[in-house]
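Listed next as structure tokens is one chain, alone, in the form predicted alone.
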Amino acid sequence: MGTEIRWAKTHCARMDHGGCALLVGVEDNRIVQIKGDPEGYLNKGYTCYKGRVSADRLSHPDRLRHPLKRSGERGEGKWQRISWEEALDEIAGNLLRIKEQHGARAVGFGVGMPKGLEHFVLIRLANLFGSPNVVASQDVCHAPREVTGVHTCGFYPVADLHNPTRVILSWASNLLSTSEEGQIAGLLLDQLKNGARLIVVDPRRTELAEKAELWLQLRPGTAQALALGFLHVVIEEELYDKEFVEQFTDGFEDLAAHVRRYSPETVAEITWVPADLIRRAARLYAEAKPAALQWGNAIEHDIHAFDAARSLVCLMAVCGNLEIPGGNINAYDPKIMGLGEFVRADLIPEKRKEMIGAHHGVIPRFMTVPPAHFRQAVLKDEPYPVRGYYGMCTNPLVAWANSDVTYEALKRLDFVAMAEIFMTPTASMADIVLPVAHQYEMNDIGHYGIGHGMILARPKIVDPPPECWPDIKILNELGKRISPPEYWHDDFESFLDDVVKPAGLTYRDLVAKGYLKGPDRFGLYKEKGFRTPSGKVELKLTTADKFKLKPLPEFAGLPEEEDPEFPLILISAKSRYYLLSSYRWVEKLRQKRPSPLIEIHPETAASHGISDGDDVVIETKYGRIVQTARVTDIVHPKVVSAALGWWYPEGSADTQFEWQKSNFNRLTSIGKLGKEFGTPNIKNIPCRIRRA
């Protein structure tokens, strides 16, 4: 007879930002079942398939279990096993040598989207080492909305799905498939059950669009034109919140004059959304109080990310939906250590000026380096040479735009180290690969630093394999070797206590509580104004000249010019079964989505002689790949939607697991970038298809 199942509470992690509270059943240091916790603040018992099978990540036979050192040429896939001491000494020696020869800024510290506390321990490591260059995915993820919000209204406006709302305007977001930083499908479904009306703006007819009262199938790459069309209707028909606009906004007259040119008829031609539908949707959003604008990551996927985010914050503001329950709110943090203090920002005062991105004129408050700018530094020594890279929780060879350029950059670097759970295309190009403990095998804190006003306990449930270390432990030990040791802890878990100490708690206390949430402070602007230079919501930016920004959001044209040689528009959609390029090696997930699918409208498929299940060559000006046809009318006849993040773990390390075959980012380019965030066009690209 087996031992009795022990049930433990934690929160989902590393499958997306998620945050679903989970009940985890353990037997003999093995996870045997995972289910949603009915007491979960965000999910109330809901969880997705990905979360329920997430323990399968820990027991895979090909999981990395020992530190490895490259023994052949870079990318040959030949390794020798080494000890942790040797691995850390090798990394430290190389990073210190590069620092001595080229300066600390010649090392980039890389990370994917924030997974947990390790993201901020990595920033601390970079700061203490003296490098201003933390290279991250923020150029296409979260920061355009967050930083644009800070410049426009002084905070990042989060849709409040915890308080009753009358209308949800879901813009480029599909919570039934992938969550947005703690915005869970369960919360949205409860709002709909309780009578909230739903508007969906999405080029694809998603499951969410099926539930909507109004679905606006916009032309990809025209989000800002559609938002400006909404503003035209709201202002022209005087549906705006007059009291809020008069007292708490700056630049309304300029905005009103500016949006006159964006009539629904004009915008309909740009966006393919009928003028009467634009009017109905704008009226429905403007006349409801409160209404929540749930905006998604796809807004940030072309060079016009700043215009798109700006126009939507202006829409929230003129309709009086900022800082009200059930609208878009400033989510105040609980009493926890501030990010600046945690990462020791005080020790690198010139960071803002020294970052690679600063030389390209990125927007102030944007504190990570866009991958496009990082690779320019590696390949062209612009604005200065970069020679080393330490990466964790990231797979740049597949995840960054223009994968061929990433491959060249990885080959050119003097030294590359990667911390990973599984050998990936990028890890196979490294000099040192470190095996990590994963979720359920370490104590961690979720949602720190994401701007949603909460942190979540993620206590350790089972022990990791003997030589798999948590990223925080790796960074703590590396930190002692490459920076002043007094800034590091004897026990790396002390970082967890540091975060909650201002609340008078220990990490163990946080685990007992499950989560900490900041206070609800609606309408604080009535006493204190908004945290902008004018003290108001800046519909027209007062800092535009100073920072060389556009004062008003505009539609300046399509992200890429139309080209008769490439008559279709290429987009992508995240899969509910993976996290971007992660976990294709988890068998239960791979069974659900065994191959990369390109969605093609039946008319388009017929005219190209393509049938369901055929191999399809997808081609842009920048590259070509092969994916599998899924013929479906959820996309427009002029649009195809391909799969992101594909590589083949069943392949081998010496070919980087066939990273070229189906990888979407071989179709993208970094030739054109949005100035504000260094954002490339990773959607909305002219393409053509043919049967393979």
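Just so it is clear, the structure is predicted and the values come from calculations on it, not from any experiment. The numbering used is simple: start at 1 and walk along the sequence shown.
As for the form predicted in complex with a small molecule, it is not shown, yet the points below apply to it.
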Check each of H258, R197, K574, H119 and return the one that places a heavy atom within 4.5 angstroms of the small molecule in the predicted complex. K574
If you check G229, G446, P596, P220 against the small molecule in the predicted complex, which one has a heavy atom within 4.5 Å? P220
The stretch from 523-531, 268-276, 331-339, 296-304 that lies within 4.5 Å of the small molecule in the predicted complex, judged by heavy atoms, is 296-304
When the small molecule is placed as it is in the predicted complex, are G108, V416 and T628 each within 4.5 Å of it, taking any non-hydrogen atom of the residue? no
Verify the contact flag for V343: yes if a non-hydrogen atom of it lies within 4.5 Å of a non-hydrogen atom of the small molecule in the predicted complex, no if not. no
Check whether G251 has any heavy atom within 4.5 Å of a heavy atom of the small molecule in the predicted complex, and answer yes or no. no
H66, heavy atom within 4.5 angstroms of the small molecule in the predicted complex: no
At 4.5 Å between heavy atoms, is N665 in contact with the small molecule in the predicted complex? yes
